[in-house]
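One chain comes next, on its own, written as structure tokens: the form predicted alone.
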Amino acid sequence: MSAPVPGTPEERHRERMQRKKALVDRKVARATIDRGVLVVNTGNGKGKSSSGFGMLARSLGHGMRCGVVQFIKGTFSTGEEAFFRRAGGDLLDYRVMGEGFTWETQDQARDIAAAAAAWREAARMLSDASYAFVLLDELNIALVKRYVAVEDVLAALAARPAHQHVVVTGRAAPDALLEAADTATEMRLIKHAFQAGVMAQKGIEL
């Protein structure tokens, strides 16, 4: 393959890519810390849990032992639960601990008890070095409603095994949790099919 002619668009593109590659290579070379990371997905947009389950799939693909605790969902079956229970095998500990959305339960005492039970399971996983990846789905909802104490969560996250990755999802993540996170992403809602009267769809929301 012949080299691009000097001064042509192809040559200019190649020079830009060479500069970009050199920049990326320098950043990669500086990233020498090898430890577990805390990822927080928040915001009003769709995709917080979906991103977490994508990372769960990656972790299982690498043969890592994983744990999932779902804090709100629980009264209806979801595609991710059905799939990961089949695919995860002995590598996956999947706990659906929620009683459903608070406007459905209409029972605050029951919601608080369910969140407390879910947090006990989560704390157990966070203290167990055999779990390499832990997904705490919709924990932020329990935190913002004060069903689970932020201080307890931060303490457990700080004390977890050094290699353990944790993903926390849900709207309105507390500032203290965002500060503790290694990676934090806010999903911004632009539009949603539900606003146009489209019911929740299997494979998309369920």
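Numbering starts at 1 and runs along the sequence shown. None of these values were measured; they are calculated from a predicted model.
Keep in mind the form predicted in complex with another copy of the chain is missing from the figure; the text below concerns it.
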Does another copy of the chain get within 4.5 angstroms of any non-hydrogen atom of residue 108 in the predicted bound form? yes
Contact between residue 159 and another copy of the chain in the predicted bound form at 4.5 Å, heavy atoms? no
Check whether residue 203 has any heavy atom within 4.5 Å of a heavy atom of another copy of the chain in the predicted bound form, and answer yes or no. yes
Is residue 65 close enough to touch another copy of the chain in the predicted bound form, meaning at least one heavy atom pair within 4.5 Å? no
Contacts with another copy of the chain in the predicted bound form, stretch 184-200 (heavy atom within 4.5 Å): 184, 185, 186, 187, 188, 189, 190, 191, 192, 193, 194, 196, 197, 198, 199
